[in-house]
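Just the one chain here, laid out as structure tokens, in the form predicted on its own.
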């Protein structure tokens, strides 16, 4: 099995975990979790310098998950890569559970910030990136935001700051699934051409299909290896709730729990891809 096929199967297994967990927990953001899970799987497998056995190493890379409502993707990818056991997720959605609908700092290894109030992650990430530069650390800081999240003014303040400070260790990753909440981003507050806007703010920018592992691999490695003082942006063109036929691109899956029937059909579809 080649690397890209292995990564795809891993991400579809994680979709099974996400879908099942949201069903058992009574609700969750299927849409944003499914649109970002491929990129998260790729980053933790191929790019991030983070040791699950030493997750607080000062020289580690950081992944700042700003689009916190899609936390199921983060929870399960951290679990898969050995930051904690599945027992952390067994009571998701129940009273007194460790994990709730947004990530909380110090609730588990690998969760770098509390997030979910959108627009905060880029500023935190820029601050960490600047501190790493001042301390002569080679850590890379990846901040994942949603396309709708870029409607927040604080995102652009952080972008200006990262450019001004020439933070070439700062990577803004945009999950461009073209929806925010229950409508298209273009109908609420359009962001395109987001690549040209970021270039005008002094960023190196690359754009790719966020569900194609070969494109992800080529794009991230290309931008990481650039000899440039500029901060970086990776725009992932994705599809909301991508992965199951009856969820892909469907608005109602922004926040929803599958019925028992939908869970059964969805898991069967995912298994077909995993076992192909």
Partner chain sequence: MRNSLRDALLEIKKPGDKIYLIVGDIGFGVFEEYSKKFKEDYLNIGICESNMIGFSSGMSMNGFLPIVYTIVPFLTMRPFEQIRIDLALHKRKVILVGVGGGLAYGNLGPTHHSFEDLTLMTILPNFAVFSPSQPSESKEALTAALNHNGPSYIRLGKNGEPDLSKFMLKGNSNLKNYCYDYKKADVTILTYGAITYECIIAAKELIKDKVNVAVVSFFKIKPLPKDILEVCFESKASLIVEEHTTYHSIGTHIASKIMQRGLRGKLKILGINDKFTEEVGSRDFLLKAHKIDSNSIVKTIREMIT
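Numbering follows the first chain given and starts at 1. Everything numeric here is computed off the predicted structure, so don't read it as measured data.
Not pictured, yet referred to below: the form predicted in complex with the partner chain.
**Q** Between 77, 198, 145, 126, only one gets a heavy atom within 4.5 angstroms of the partner chain in the predicted bound form; which residue is that?
**A** It is 126.
**Q** In the predicted bound form, which of the listed residues (194, 113, 206, 108) lies with a heavy atom within 4.5 Å of the partner chain?
**A** Going through each option in turn, the one that passes is 113.
**Q** How about residue 157: is it within 4.5 Å of the partner chain in the predicted bound form, going by heavy atoms?
**A** Yes, contact at 4.5 Å.
**Q** In the predicted bound form, does residue 97 have a heavy atom within 4.5 Å of the partner chain?
**A** Judged by the heavy-atom cut-off of 4.5 Å, residue 97 is well away from the partner chain in the predicted bound form.
**Q** Report yes if any heavy atom of residue 117 sits within 4.5 Å of a heavy atom of the partner chain in the predicted bound form; otherwise report no.
**A** Residue-level check for residue 117: yes, a contact with the partner chain.
**Q** Residue 131 near the partner chain in the predicted bound form, any heavy atom under 4.5 Å?
**A** Yes, residue 131 lies within 4.5 Å of the partner chain in the predicted bound form.
**Q** Verify the flagged residues 36, 221 and 226 against the partner chain in the predicted bound form: is each one within 4.5 Å by a non-hydrogen atom?
**A** Judged in the predicted bound form, none of 36, 221 and 226 sits within 4.5 Å of the partner chain.
**Q** To test your reading of this chain, name the stretch in 54 to 62, 229 to 237, 24 to 32, 246 to 254 whose heavy atoms come within 4.5 Å of the partner chain in the predicted bound form.
**A** Residues of 54 to 62 come within 4.5 Å of the partner.
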